[in-house]
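To begin, one chain is listed below as structure tokens, in the form predicted alone.
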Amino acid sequence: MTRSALFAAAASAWAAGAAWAQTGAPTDGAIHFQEPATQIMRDIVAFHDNWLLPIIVAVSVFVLALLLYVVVRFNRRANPTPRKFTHNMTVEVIWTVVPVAILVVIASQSFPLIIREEQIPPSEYTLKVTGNSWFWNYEYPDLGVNITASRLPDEDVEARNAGNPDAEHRARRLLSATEPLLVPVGANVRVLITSNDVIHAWAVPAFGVKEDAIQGRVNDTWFNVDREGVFYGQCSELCGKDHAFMPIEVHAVSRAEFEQWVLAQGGTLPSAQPAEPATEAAPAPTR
């Protein structure tokens, strides 16, 4: 059994049935990440489960054992006459070298992952995300699509769910948006993120995406969703009184459905863009 499987089994037993793999939204009783929808997020989960978590557990157990040893060995009853010393070269070398070695091991796995996150591959679509106080603007500049998404009011959540028996697509309070963003499955999407006012952060946990939106600056990231579904996120930078009411709702759909949505929004597909009219050649100058 692999280390990740051992830790998963131990956590499941400790949680007494709490949810482990989640959908694209917060789940009651869950103790792990949301179910990944991109390869980058799967790599993040693997790094956490196979490297970071075992190291954290080992360090925590060692520190706990050390504290218990000190409590038992050096309490007043067991050690009535305390020793008087101020330095121990061996101990100081150990507690300097060992943490550095641990950090080197973590860096050997985390740095390549960060590089893969930051290297944006050739993309089929470009999505521009603009944070506002307190809503989001989404734009596909190459497709001519521009939408505004804010929090779906509670009464609209109830109204939408009243006629929607599909549990997966039911509206969620404080997470559903007035205008969901659609993205195509299996396509590299480059995301340009900025702000019109204060600092926000566009974060979708299932995508492994979290990027600051800063006024006067454009940050970029990317994702490639590999399964259809509804995925939620929220603003992850304290941005003011309605910070908790800036939900992100993303629907990953087939290419055909995405193209239909683009046309319904008044956009134009790249293949459907009319060719520019040919310009007549200017007459040769006469002498």
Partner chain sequence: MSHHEAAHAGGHEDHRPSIYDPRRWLFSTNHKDIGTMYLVFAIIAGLIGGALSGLIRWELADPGIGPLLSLPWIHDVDAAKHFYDVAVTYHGLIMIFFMVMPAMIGGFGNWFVPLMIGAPDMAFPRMNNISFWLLPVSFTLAMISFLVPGAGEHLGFGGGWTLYAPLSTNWGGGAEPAAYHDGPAMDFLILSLHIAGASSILGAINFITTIFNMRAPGMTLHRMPLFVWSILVTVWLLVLALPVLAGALTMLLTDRNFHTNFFNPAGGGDPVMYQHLFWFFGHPEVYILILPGFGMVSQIVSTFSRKPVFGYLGMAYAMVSIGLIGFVVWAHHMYTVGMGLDLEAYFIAATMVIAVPTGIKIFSWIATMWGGSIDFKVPMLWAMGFIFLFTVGGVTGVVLANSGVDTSFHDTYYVVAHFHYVLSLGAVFAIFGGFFYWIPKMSGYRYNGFLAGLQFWLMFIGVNVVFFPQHFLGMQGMPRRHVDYNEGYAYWNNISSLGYLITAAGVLLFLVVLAEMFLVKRKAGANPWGEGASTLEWSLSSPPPFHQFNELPVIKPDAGH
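C-alpha atoms forming the largest set that superposes within 1.5 Å between two forms make up the rigid core. Predicted, not measured: the structure shown is a model, and the values here were computed from it. Numbering follows the first chain given and starts at 1.
Below, we turn to the form predicted in complex with the partner chain, even though it does not appear here.
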Pick from 197, 124, 142, 156: which residue has any heavy atom within 4.5 angstroms of the partner chain in the predicted bound form? 197
Just to confirm, with a 4.5 Å cut-off on non-hydrogen atoms, which of 147, 106, 192, 185 contacts the partner chain in the predicted bound form? 106
Contact between residue 251 and the partner chain in the predicted bound form at 4.5 Å, heavy atoms? no
Would residue 237 sit within 4.5 Å of the partner chain in the predicted bound form, counting heavy atoms only? yes
Would you please decide whether residue 242 lies within 4.5 angstroms of the partner chain in the predicted bound form, comparing each non-hydrogen atom pair? yes
Should residue 160 be classed as touching the partner chain in the predicted bound form when contacts are defined as heavy atoms within 4.5 Å? no
Is every one of 178, 261 and 263 in contact with the partner chain in the predicted bound form, taking contact as a heavy atom within 4.5 Å? no
Can you name the residues of 100 to 119 that have a non-hydrogen atom within 4.5 angstroms of the partner chain in the predicted bound form? 100, 103, 106, 107, 110, 111, 113, 114, 115, 117, 118, 119
Post core alignment: residue 73 C-alpha displaced by 2 Å or more between this form and the one not shown: yes
If you line up the core, does residue 100 shift 2 angstroms or more at its C-alpha between this form and the one not shown? yes
